[in-house]
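Encoded as structure tokens, the following chain is the form predicted alone, with no partner shown.
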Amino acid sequence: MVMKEELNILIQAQYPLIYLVTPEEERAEAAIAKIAQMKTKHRRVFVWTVTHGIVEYGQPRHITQHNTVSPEAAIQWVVQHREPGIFIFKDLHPFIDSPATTRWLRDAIASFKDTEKAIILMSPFQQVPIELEKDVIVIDYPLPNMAELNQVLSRQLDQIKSRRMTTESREKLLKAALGLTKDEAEKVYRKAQVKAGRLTEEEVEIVLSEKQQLIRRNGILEYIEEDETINSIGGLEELKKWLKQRSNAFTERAREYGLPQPKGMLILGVPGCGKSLIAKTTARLWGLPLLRLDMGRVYDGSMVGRSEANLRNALKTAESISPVILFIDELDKAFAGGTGSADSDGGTSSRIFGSFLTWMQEKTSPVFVMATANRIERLPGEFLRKGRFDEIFFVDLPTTEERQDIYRIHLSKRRTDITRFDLVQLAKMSEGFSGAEIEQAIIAAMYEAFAQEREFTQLDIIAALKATLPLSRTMTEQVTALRDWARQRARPAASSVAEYLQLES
């Protein structure tokens, strides 16, 4: 594993302070112990916890170094320890902002020169005081890969004395568990065996349900399931064609063909024209899970650095279960003012914005970012430069033909026979209406007829349309400005450029 090699190099290069971000203490400890044994000059490994103080790795917890429970006393013991060693401090982050703890860590770093001693801070999330930023190197310890999960699965199959599993079945179970910790994988494989009385590819759904629990525990990501298909969206044929062409973009066949993995797309447009629904139905079209990133939950003012840690953890979770679609609705609200937030929030928004841009630029994992926006002027320019997204689409108000499709779709959902409706007339009557406004007009007509205990008619829908003032009239300036911007900078989602340009005239 590349990260283990990196950790090994840092220790051999005598880096004095390493911050290892991981929730898997036992797995990380075992890796560090192996690194200590790889050296020609064997290093002893010691582990500190606030409950037991310093204990040598592999020894019973009661065999502790006396008076090392407090962080300051423990670091002082490390400084005074004469032999080379690796000293793991678990969950030091609640104490690390203490002036005494920070000072002792700096003293330790200064005393470690040419001693082959290193302190590894191990914590589920990153918290580094400014005094240590120049001295510490931060490493995110990765979740188990397929090879490690294969060992977990093999042990479970041996325990239940299962018959030999086909390579294809094994691969499905392993891929389903990607994104889980080693302990989580062990538990979910046991759960599948207990629940079904066996462990085969048929139990993949049980393993996937554990992933959904992982996402729920994260609190910032939301797992979205959508029953609608992309064909339930009226119009937008150019956008649909683009998405259908990439329906197999994350397969090995695409890699063998030489195609790069898609990065993402930004959908701009008038509110209510199907941008969010496109994102949701794409997940079903591509057969990928859909995660919604709630930027409101990312921001946390309770602790300095917590918001950045929230974003890192959310993105790490998305990467761990990739390939996946990461959906960010109303991106313009999430990152509005992100480049100049020092006065309003101490620069938190700027740091979040920068972290997200860096991740988008450098990510190699198959996470497809699908974002929507209504107010292009609110988006920082860095988001819109070439290479950040594969494509920027503009979704305008539906044309007459597209409005007919929208009426056909929404009426067919509610009634089997829709021949009594004149879709051409309804489309002409609803010029300037968005798809959402058309749907609400149909619903309003149904409520009116339901209250009178009769079937709703064409006239009911027309009356509802006349009673509605569409957003395109109440926000004319905003819609015009968005169209002007998109004419030269975005790709039309309509079925042809001619239709798009006709709307602009």
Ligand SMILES: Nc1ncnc2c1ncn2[C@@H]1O[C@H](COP(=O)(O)OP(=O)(O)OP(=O)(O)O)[C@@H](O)[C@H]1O
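Numbers follow the displayed sequence, beginning with 1. Treat the numbers as computed from the prediction; the structure is a model and nothing was measured.
What follows is about the form predicted together with the ligand, which we do not show.
- Contact annotation: of the candidates His410, Arg246, Arg292, His93, the single residue with a non-hydrogen atom within 4.5 angstroms of the ligand in the model of the complex is His410.
- Taking a 4.5 Å heavy atom cutoff to the ligand in the model of the complex, the contact residue among Leu277, Ala309, Ile137, Ala254 is Leu277.
- Residues within 4.5 angstroms of the ligand in the model of the complex, judged by any non-hydrogen atom, belong to 230-238 and to none of the other stretches in 230-238, 104-112, 349-357, 138-146.
- Among residues of the shown chain, Gly179 is not one whose heavy atoms approach the ligand to within 4.5 Å in the model of the complex.
- In the model of the complex, the ligand lies farther than 4.5 Å from every heavy atom of Glu56.
- In the model of the complex, the ligand lies within 4.5 Å of some heavy atom of Asn374.
- For the chain shown alone, Glu448 is not a contact residue for the ligand in the model of the complex, no non-hydrogen atom being within 4.5 angstroms.
- Along 431-456, a non-hydrogen atom within 4.5 Å of the ligand in the model of the complex is carried by Gly435, Ala436, Glu439, in order along the sequence.
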